[in-house]
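Taking the form predicted on its own, here's one chain by itself in structure tokens.
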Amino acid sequence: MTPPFIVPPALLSSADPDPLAATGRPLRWGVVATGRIAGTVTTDLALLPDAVLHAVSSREARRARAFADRFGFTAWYADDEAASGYEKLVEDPDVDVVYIATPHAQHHAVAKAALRSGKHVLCEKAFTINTREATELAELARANNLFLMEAVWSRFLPSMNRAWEIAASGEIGTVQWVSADLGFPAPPDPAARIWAPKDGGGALLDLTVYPLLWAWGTLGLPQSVTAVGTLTGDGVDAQNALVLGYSSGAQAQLTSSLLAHSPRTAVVCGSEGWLRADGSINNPSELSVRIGWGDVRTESFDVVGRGYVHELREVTRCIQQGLTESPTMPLEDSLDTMRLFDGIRAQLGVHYPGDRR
């Protein structure tokens, strides 16, 4: 069995350093895309004293210019007949590291261009749409001695790491089952990237990484996965339910939905007690613990910025120290996730145009 996450001591809630404190030389950032997640992450990036907002790109000049003005970027790039905006950005000699916030299906092309241009890369989850694309990026980064990481921000939150620490400590006994859900009704717009096969749409790539973190972080990667789902007329999963099996006999039930509101809860149940995430499973504000029939203990956590500061601090620190992978979010974890998702998509019958390349 692949072991659960190893929790670096510096990330535990009791020893978390100030994520807003500079850790070395300033890094000049380029941001590819100007959508909602790009804006949210850039808001937190601007809080880091050793982050320089240098360049942003978009397909449209109007959007690139507005984003640059909003956050104070030095340069902006947009598509024209000669090149795409992101191609211009990755060729900018003053960009050190590129953050990619495009739809999933564009991650591979943008990250590949950035790595070939000698840039370090932080790429939004899902890392790519399949294992083949993810493997190519990992090999390219390693061959060129460049930093590459999937932006699974929850991996770096003190509340999440505290939950994994409690589960690993034996306080709730041997973990026997995990339940986690994440769902919200997305407007039924076939042109929206969340529903579009060409963009890698569907609940799996967009949402399932979060429920999966709770199973992986406490039980490890599973030995078996059974998946069922509801597909749209365009063939993407609007909803999926997964049962993960382990050689120990433990199980996990994970649900992701673009059709219904869910309580967004995660419960880790052991032979001596249970642990529950309160608030949201991707950024818990509280953890509740109960041993046997005793009283419930609650631990509360503050959020720095919008919650992405810890992830951005890790990327910054790693690059400053000459690391090419994060010890907290190594490339092999992203490859394992894509292998798992490929198998789940095969069971669900979900196929993307990029799978055929």
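Everything numeric in this text was worked out from a predicted model, so none of it was measured. Numbers for residues come from their place in the sequence shown, where the first is 1.
This next part talks about the form predicted together with a small molecule, which is not shown.
Residues within 4.5 angstroms of the small molecule in the predicted complex, judged by any non-hydrogen atom, belong to 103-111 and to none of the other stretches in 234-242, 103-111, 90-98, 141-149. Contact between Thr34 and the small molecule in the predicted complex is found at the 4.5 Å heavy atom cutoff. Contact annotation: Lys125 falls within 4.5 Å of the small molecule in the predicted complex, judged by heavy atom distances. Though the partner is left out of this view, Asp206 does reach within 4.5 Å of the small molecule in the predicted complex, counting heavy atoms only. The closest heavy atom approach of Tyr210 to the small molecule in the predicted complex falls within 4.5 Å. None of Trp216, Trp76, Trp164, Trp153 but one reaches within 4.5 angstroms of the small molecule in the predicted complex through a heavy atom, and that residue is Trp153. Between the options Thr42, Thr316, Ser326, Ser58, the residue in contact with the small molecule in the predicted complex by a heavy atom within 4.5 angstroms is Ser58.
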